[in-house]
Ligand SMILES: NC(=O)c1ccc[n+]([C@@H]2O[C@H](COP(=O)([O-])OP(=O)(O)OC[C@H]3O[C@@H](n4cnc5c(N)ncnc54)[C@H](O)[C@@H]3O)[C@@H](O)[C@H]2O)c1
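The chain below stands alone, shown as structure tokens; this is the form predicted on its own.
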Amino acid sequence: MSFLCQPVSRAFSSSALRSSVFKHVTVIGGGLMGAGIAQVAASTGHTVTLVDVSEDVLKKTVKGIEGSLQRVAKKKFADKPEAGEEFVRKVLQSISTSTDAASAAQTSDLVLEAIVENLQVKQELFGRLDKLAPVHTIFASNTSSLPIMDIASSTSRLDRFGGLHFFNPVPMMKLVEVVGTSATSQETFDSLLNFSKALGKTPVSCKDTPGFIVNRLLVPYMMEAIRLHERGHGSKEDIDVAMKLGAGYPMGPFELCDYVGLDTMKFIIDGWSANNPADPLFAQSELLNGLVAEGKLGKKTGEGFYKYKVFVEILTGLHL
């Protein structure tokens, strides 16, 4: 039985999948999300291959993981610094790097991508790996906005394809959205749930709908806040204060937009609007489009809905 009561593909034995264990995990993408996923997987006893197109990127990524692990060790082994050093060493030993995704996939139980949010790029990647990965290997995407089925359609293993949507920063955020399509087998879905639990995360089950659960609720909320302001029904400041003090949110919607990135917001809503043109929840915003066109993308550029100061430490050259 599948995630949505579809039969398991005849080309694959469900009993073999039930007995499989994610011992070797390949994470494709050396950015913040890929690095965080690799760190957490390696910290929980999995052998991880981290893949990116550039050796330079991989070196920087591993260095970043090492720094993150050292911070974890400092807290976890506050009274035992030697144990902390051993912890960092063992975790790093569990992570190897490669620029050859095809080779890494051939020895993997799970291939998880955390690359650019571009459907064609993801389809090309999985379409290529599908021909090389073992029959038992499960594929998963960390996409936050693209339909899992659209990505999976580039492969012949629809029953062994699902979504694992982690949240940034991965080592700290406890939630994982586990996404099943109409073709994802129940065995695959259960394996992804159990993997998430093995990472020390709290998984929630999601259908393959726009934004899954979190973004499906969060993005329309932020977009409606923008439209509310566009209609002249409230200032940015008042709307933010109202949601913080009235709803108990840690950030108001405009602050959150700037934190997420206005370009990211526009990318998500553009895709949803194109696929669901009649849904008012996914309507475009002239204000958002205008800010993105001006390069005002939020905190990362110093200005979005609000202006931000970037303080430069002259002695160290660090941006704080």
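Start at 1 with the first residue shown and count on from there. On a predicted model such as this, the values are computed, not experimentally measured, just so you know.
If you look for the form predicted in complex with this ligand, you will not find it shown, but the lines that follow are about it.
- Checked against this ligand in the model of the complex, the residues A133, A225, A114, V88 give one hit for a heavy atom within 4.5 Å, which is A114.
- Note on contacts: among T209, S182, N168, S205, the single residue with a heavy atom within 4.5 Å of this ligand in the model of the complex is N168.
- This ligand is not drawn, but in the model of the complex it has no heavy atom within 4.5 Å of A274.
- The shortest heavy atom separation between D52 and this ligand in the model of the complex is within 4.5 Å.
- Shown alone here, R157 lies farther than 4.5 Å from this ligand in the model of the complex, counting heavy atoms only.
- Although the partner is absent here, L287 sits far enough away that none of its heavy atoms falls within 4.5 Å of this ligand in the model of the complex.
- The stretch among 40-48, 53-61, 277-285, 249-257 whose residues place heavy atoms within 4.5 Å of this ligand in the model of the complex is 53-61.
- Contacts of stretch 218-243 with this ligand in the model of the complex, defined by any heavy atom lying within 4.5 Å, are made by none of its residues.
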